[in-house]
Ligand SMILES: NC(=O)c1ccc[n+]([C@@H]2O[C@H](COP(=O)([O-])OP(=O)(O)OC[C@H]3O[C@@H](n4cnc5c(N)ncnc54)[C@H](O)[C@@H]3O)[C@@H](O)[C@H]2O)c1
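Here's a solo chain for you in structure tokens, the form predicted on its own.
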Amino acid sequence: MKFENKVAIVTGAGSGIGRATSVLLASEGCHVALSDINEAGLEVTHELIKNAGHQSEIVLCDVAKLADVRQLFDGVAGRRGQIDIAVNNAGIGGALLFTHEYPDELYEKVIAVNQTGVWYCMKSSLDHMMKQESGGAIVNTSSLAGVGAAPRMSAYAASKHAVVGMTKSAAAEYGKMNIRVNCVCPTVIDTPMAAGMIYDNPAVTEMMKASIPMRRFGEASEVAKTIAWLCSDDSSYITGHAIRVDGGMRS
């Protein structure tokens, strides 16, 4: 199997892209540490993996809290002896508001989870991967909003642009240590987060679909397959990329 004897940490594993990625990595032989603040969601992901005969563990973690992140990464490394893969995926959407209307406290929350959370997780994963001769693979979840304008989503766009910048900088710094750092930039994916932001307004939903050449939203499994590829030896000479998973929306 592609990830046999590998250890991965996936944040935001309680639903959506994080759940799909965790199930896929586990199906290819990886031991997956499932992390989220959503304990009920983590239990569902864990059961899906367990019922398929694969391995995972649950670690509750708020990525906006440095102590939680350190405990997550240090704990997994202590129990398993290695961290080969880090999928820094946890994120929140915020609100659909014009910039002048956006509440400062919500902006700060979006930045804390989407940007600072990835920062904490990258630093923690790098600390451990630098000690391993095998290095490791880090994949951060950005967004199509991280590579262009996202009207009425300024806080989200700011956080996701930052993820792309951090990804590219770390890739340049740690390539010599055999640590690869990439990110994925999905458009609207059919997940609970998207449902909360887009599906409440049918007009917006249809407008968004019409703007995508493939005329549909993506599936979490499609992003998961891209992430798994970036974590695998099949992409062994690829680092520093922000890969759009967008049905051609920014082609």
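Because the structure is a prediction, the values reported are computed rather than measured. All residue numbers are counted from 1 along the displayed sequence.
Below, we turn to the form predicted together with the ligand, even though it does not appear here.
Undergrad: Among the candidate residues Ser56, Asn182, Thr226, Thr187, which is the single one with a non-hydrogen atom no more than 4.5 Å from the ligand in the predicted bound form?
TA: Flagged contact: Thr187.
Undergrad: Of 87-95, 100-108, 122-130, 168-176, which is the one stretch near the ligand in the predicted bound form, taking non-hydrogen atoms within 4.5 angstroms as near?
TA: In the other structure, the partner sits against 87-95.
Undergrad: Look up in the predicted bound form whether Ile37 has a non-hydrogen atom within 4.5 angstroms of the ligand, and give yes or no.
TA: Flag for Ile37 set to yes.
Undergrad: At the 4.5 Å heavy atom threshold, is Val32 in contact with the ligand in the predicted bound form?
TA: Taking the distances in the predicted bound form, the answer for Val32 is no, it never comes within 4.5 Å of the ligand.
Undergrad: Would Phe73 show up as a contact with the ligand in the predicted bound form if we use heavy atoms at 4.5 Å?
TA: Residue-level check for Phe73: no, no contact with the ligand.
Undergrad: Whether Val113 contacts the ligand in the predicted bound form should be assessed with a 4.5 Å heavy atom distance threshold; does it?
TA: Residue-level check for Val113: yes, a contact with the ligand.
Undergrad: For the stretch 8-24, I need every residue with any heavy atom inside 4.5 Å of the ligand in the predicted bound form, listed N to C.
TA: Heavy-atom contacts to the ligand in the predicted bound form: Gly12, Gly14, Ser15, Gly16, Ile17, Gly18.
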